[in-house]
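Just the one chain here, the form predicted alone, laid out as structure tokens.
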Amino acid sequence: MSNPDPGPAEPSARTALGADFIIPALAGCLTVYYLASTVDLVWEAKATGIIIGLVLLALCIAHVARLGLAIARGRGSWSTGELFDDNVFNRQRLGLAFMVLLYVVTIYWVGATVGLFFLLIGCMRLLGVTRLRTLLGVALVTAAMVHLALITLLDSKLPRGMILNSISALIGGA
């Protein structure tokens, strides 16, 4: 007995590529913002930023062109796939994005170091870390290393925030 004819083959589903445009679009916007905001820097910093920024923009354009060609050839679609589905992974992603946004909005009041400490605790907790020693240890060591490297040693202009300024005033620091 022979197998019945299955009929015409189903067309293969096209790959959802819409979500792949998000990162290059954000990177391109950030690069343009960076290039526009570094006009007043010394020429060495500006030259380095321009070189890196132009390379990043070229890579973003190449990636967007590659995705566009795949869609034009019918191998992909503008669909975002499961990016906006209601599942645990996407809720975690949204929570992480919200916490980073909250950190950026409050950095001048809270300060880079203290804000980073709480951001790391919140992000690790959201991702399932429950051990208090791990949460506090990783957040404290990371925030201390960032403070030491960027604020103390390199004297960067990261915001210190009201908390560190108050502590400095209480102990007589400058």
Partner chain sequence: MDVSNAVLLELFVRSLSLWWVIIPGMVLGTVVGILPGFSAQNTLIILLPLTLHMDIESGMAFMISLYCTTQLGGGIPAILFNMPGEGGAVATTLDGYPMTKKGQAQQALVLCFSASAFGGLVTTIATMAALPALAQLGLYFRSVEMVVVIVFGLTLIAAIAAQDLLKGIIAGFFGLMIGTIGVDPVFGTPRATFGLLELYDGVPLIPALIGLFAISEAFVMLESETIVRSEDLSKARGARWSDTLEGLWLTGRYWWQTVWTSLIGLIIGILPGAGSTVAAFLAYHYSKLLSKTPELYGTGHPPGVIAPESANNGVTSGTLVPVFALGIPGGTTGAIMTIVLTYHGIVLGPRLFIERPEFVYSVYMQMLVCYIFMALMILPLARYMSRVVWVPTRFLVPLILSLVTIAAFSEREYVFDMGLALGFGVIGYIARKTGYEVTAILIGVLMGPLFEQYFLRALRVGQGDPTILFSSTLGNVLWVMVALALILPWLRSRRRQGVLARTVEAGHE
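By rigid core we mean the largest C-alpha set that fits within 1.5 Å across both forms. Numbering follows the first chain given and starts at 1. Values in this document were obtained by computation on a predicted structure and should not be read as measured data.
A second form of this protein, the form predicted in complex with its partner chain, is not displayed here; the remarks below concern that form.
**Student:** Taking its partner chain as it sits in the model of the complex, is Ser156 near enough to touch it, meaning that at least one heavy atom pair lies within 4.5 angstroms?
**Tutor:** It does: once its partner chain is placed as it appears in the model of the complex, Ser156 has a heavy atom within 4.5 Å of it.
**Student:** Can you work out whether Met162 and its partner chain are in contact in the model of the complex, taking contact to mean some heavy atom pair no more than 4.5 Å apart?
**Tutor:** Residue-level check for Met162: no, no contact with its partner chain.
**Student:** In the model of the complex, does Trp109 come within 4.5 Å of its partner chain, counting heavy atoms only?
**Tutor:** Judged by the heavy-atom cut-off of 4.5 Å, Trp109 is well away from its partner chain in the model of the complex.
**Student:** Would you please decide whether Arg93 lies within 4.5 angstroms of its partner chain in the model of the complex, comparing each non-hydrogen atom pair?
**Tutor:** Result yes; Arg93 sits at the interface with its partner chain in the model of the complex.
**Student:** Which residues from 101 to 129 come close to its partner chain in the model of the complex, meaning a heavy atom within 4.5 Å?
**Tutor:** Contacting residues: Leu101, Tyr103, Val104, Ile107, Tyr108, Leu116, Leu119, Leu120, Cys123, Met124, Leu127, Gly128, Val129.
**Student:** Can we say the CA of Thr113 moves by at least 2 Å between the shown form and the other one when the core is superposed?
**Tutor:** No, because once the rigid core is superposed, the C-alpha of Thr113 moves less than 2 Å between the shown form and the other one.
**Student:** Establish whether a shift of 2 Å or more occurs at the C-alpha of Cys60 between the shown form and the other one, with the two forms superposed on the rigid core.
**Tutor:** Indeed, Cys60 is displaced by 2 Å or more.
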